[in-house]
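Okay, so we've got a single protein chain in two different forms coming up as structure tokens, structure 1 first and structure 2 after it.
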Structure 1
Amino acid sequence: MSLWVDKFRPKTLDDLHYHHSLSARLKSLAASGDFPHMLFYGPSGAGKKTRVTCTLRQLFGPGVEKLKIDQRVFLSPSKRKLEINIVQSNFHIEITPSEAGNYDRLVIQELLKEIAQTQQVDLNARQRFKAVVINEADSLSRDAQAALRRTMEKYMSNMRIILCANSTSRLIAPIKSRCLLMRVAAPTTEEMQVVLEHVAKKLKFDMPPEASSQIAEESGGNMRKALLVFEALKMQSPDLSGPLSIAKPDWETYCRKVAQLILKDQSPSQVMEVRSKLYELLSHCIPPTIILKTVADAIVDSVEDNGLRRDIMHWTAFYEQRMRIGNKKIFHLEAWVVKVMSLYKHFYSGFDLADFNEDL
């Protein structure tokens, strides 16, 4: 039994319920016979992977849905074994090289070279090339991106690369210049309601408009989250009548507790307490950028002064950029916490920032 988010996933570009102009453009590209390398980017839950899958079906036909999952083993220069899961059909292959960590360049070089040097053997295929879908492209190391750029240039005749990323900021310019960029924006509340009502109709269920509206607003533009919340609520209350109680994820509640700790006391001992909470979140695989954004939003919601809000968001953006460049995420998270504490204490008590920094 599959989740609704998978069960009712659109299979063709015509089935998609929003961004119709983007769907029309993808259909035109698939029919043109000159399909380029592509980069799909946008926030999580906007529908990038669904749109890529629909585009592949438009290119190659229903054969791309016959998938098999393999596990490939790569050897690092130090003879360490790297296991990477690969999803593939006769026409395409889907990989996530960032699973290999610092050895993602090795996966890119070996796997893509192997694919690119083989010809398409299916005589019934609509296209003479194979497609390679690379997930989490913005998490690739600089070396892996450089290797990818060379592969894109050398093997264009046999292979097309489709990149999926949340942001283009971490991708090197040569890769972006070799791809056709497709921005998949987060759906609006109205568009999300249309999808929720479509799923309800498939289930032969009359969904109250206020329920779809509340789910869409709580999901914040994340279509995947909206469908998961809808399914969970439907199991709890079959008719979705009355006020709905949408539970927050545990990690989000924990982030709000961290925000309360920051605002409650601004001292070196409190910094250490917050640091232990941040370690707890990181150890449960919550991405550091998500932690930073969630805690910052909770703090800004609790602050009334617009000037202080602006300063907090400025330094949040500053440390997020530092965190993307650096390696030790906890250092940048802790530095941001100290900065916010100093701003908050200085604003509300006239506290001297120099004294706080000396204590640390």
Structure 2
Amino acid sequence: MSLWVDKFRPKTLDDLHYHHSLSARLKSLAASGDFPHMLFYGPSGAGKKTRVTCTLRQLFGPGVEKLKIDQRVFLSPSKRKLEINIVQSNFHIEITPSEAGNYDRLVIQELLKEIAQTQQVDLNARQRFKAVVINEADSLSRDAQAALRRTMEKYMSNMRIILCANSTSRLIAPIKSRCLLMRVAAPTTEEMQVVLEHVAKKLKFDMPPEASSQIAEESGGNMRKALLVFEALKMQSPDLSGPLSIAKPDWETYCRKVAQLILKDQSPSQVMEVRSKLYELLSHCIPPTIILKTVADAIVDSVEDNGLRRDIMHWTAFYEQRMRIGNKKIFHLEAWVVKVMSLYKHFYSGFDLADFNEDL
């Protein structure tokens, strides 16, 4: 039994429920035969991947849905073996660079060369090129991005690249210059309701409008989340009547607790307390940026003074940036906690900031 998110995933561009003009644009590009390299970007859960899959189907026909998973072995310069799973059909191939870790450049380089130098053997194929889908392209290292550049130009007759990313800021300019950028905005609450109701109809279920609007509202533009929540709620109460209680995920509740701790008491011992909680979150693989943002959001929700709230967000942005460049995430999370505590204490009790910093 697959999840509803997968089971009811639209298969063709015509099935997509929102951003109709974008779908039309993709259809006309797919029909034109001179399909460019593309970069799809937008918030997570907005439906980028689904749209890419539909576009591939428009380009190559139902054959792209016949996927096989191959395990390939790459040899690192130090002769270490890297085993990587690759999803592919006869017409396309998919790579998620984070699987290759530090060796993403090597993997990209070898795979692309291989594809670029082979030609479509199936003469009945609709396109002469094969498509290479690179998921999470914003996590590609600079080196790997550089390796893409000339390849994208040189082998254009045999290959098209489709990049998927949350944001374009982390991609180098020469890559952006070689792609057609496609923005996929998050669906609005109304658009999400339409999708939810469509799924309900397929399940032959009469969805109360309050329920669909509440689920859509809570999901903040993340369609995947909305469908997962819908499925979970439906398990709990089959008719979705009465007030819904949409449970927050555990990690989010935990982050809120961390925020409470920071606001309750500002002392070196409290820093230690908070620190162990942050470790706990990190050890459950919650991305540090998400931790930072969620805790900060919870804090500014409970603080009244707008100047203080602005300062807290300023230091959040500051430490998030350092965390990105730095090596040890926990260092920066901790420093941020100390900073926020000192700001807070200073604001409410005129506590002297300089002293606090020296004490540590």
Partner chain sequence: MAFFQQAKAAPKHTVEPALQPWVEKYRPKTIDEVSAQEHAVAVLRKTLFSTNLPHMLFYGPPGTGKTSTILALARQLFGPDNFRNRVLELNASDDRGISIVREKIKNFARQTPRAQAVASDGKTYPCPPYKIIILDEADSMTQDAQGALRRIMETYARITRFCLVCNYVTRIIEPLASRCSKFRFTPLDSSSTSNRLSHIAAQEHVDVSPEVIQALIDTSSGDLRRSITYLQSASRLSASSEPPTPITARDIQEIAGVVPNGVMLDFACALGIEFSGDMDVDSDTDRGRKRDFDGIRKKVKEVIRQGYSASQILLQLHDLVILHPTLPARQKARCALIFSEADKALCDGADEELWVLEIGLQVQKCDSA
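Counting starts at 1 with the first residue of structure 1 and goes up one by one along its sequence. As the structure is a computational prediction, the values presented were derived from the model and not from experiment. Just so we're on the same page, rigid core means the largest C-alpha set that superposes within 1.5 Å between forms.
Between structures 1 and 2, only structure 1 derives from the form predicted alone. The Cα position of P62 differs by less than 2 Å between structure 1 and structure 2 after fitting on the rigid core.
After superposing the rigid core, the C-alpha of H332 moves by 2 Å or more between structure 1 and structure 2. Once you line up the core between structure 1 and structure 2, the Cα of L343 ends up 2 Å or more from where it was. In this core superposition, A317 moves its Cα by 3.0 Å between structure 1 and structure 2.
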